[in-house]
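Quick setup: one chain, the form predicted alone, written in structure tokens, and binding and motion questions come after.
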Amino acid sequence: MTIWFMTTNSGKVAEARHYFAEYGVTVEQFEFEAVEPQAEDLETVALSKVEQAIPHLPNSDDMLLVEDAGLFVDSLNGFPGVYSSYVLNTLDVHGILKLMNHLKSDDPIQDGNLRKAEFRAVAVLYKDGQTIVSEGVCPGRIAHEAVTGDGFGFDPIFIPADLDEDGDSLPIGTIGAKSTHGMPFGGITLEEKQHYSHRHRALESLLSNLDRLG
């Protein structure tokens, strides 16, 4: 089984391949440039990209995967949200850090709450006129400085919340069974990131409903 992942981001493709490989599913990159619609939610954006890409699939029987994600920062009223890609290209991660520079506290829990944020991902899988839509969320907080590593996008400044033994996210300040110990996504391995990743959770939901596409 092959899925064409419509994205120009090789980092996203690597994550998807890493996950789907466990299920014997091949993921290939499909570099089609869709027009970004002006919308208030990720699902509308992702579905619009699917409709634009369908006529350009290598084969009409192929499966198409489109994923749209965003960083939503509480103190910035959800900004950059659906505009995350544009903001990343114009302000970069350091622009977000500057916008939040005044938000800090000596108390770790209060500091974390002041800098609360979450990654959200909406994934759409298309085949033969049918679509499955799923969502994944990763709560956490924004670091005070960026780290260098193998991450992409806003990974260098996003610290995921700890997880309990079942893999569920815990409130900020709560020590969990799994933790990055304050390290942003950009400073950990791809394998470790999968435990927290919003994209991983969205793709996992897609797989659980794959039989609906026949």
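Residue positions are given as counts along the sequence shown, with the first one as 1. A quick note: this is a predicted structure, and the numbers were derived from the prediction, not measured.
Unshown form predicted together with a small molecule; subsequent notes refer to it.
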Task: Candidate stretches 78-86, 123-131, 108-116, 139-147, one within 4.5 Å of the small molecule in the model of the complex by heavy atom - done: 78-86
Task: Contact flag, residue 187 vs the small molecule in the model of the complex, heavy atom cut 4.5 Å - done: no
Task: residue 159: touches the small molecule in the model of the complex, heavy atom cutoff 4.5 angstroms - done: no
TODO: Mark residue 8 yes when one of its heavy atoms lies within 4.5 Å of a heavy atom of the small molecule in the model of the complex, and no otherwise.
DONE: yes
Open item on the list: Considering non-hydrogen atoms and a 4.5 Å limit, does the small molecule approach residue 69 in the model of the complex?
Closed with: yes
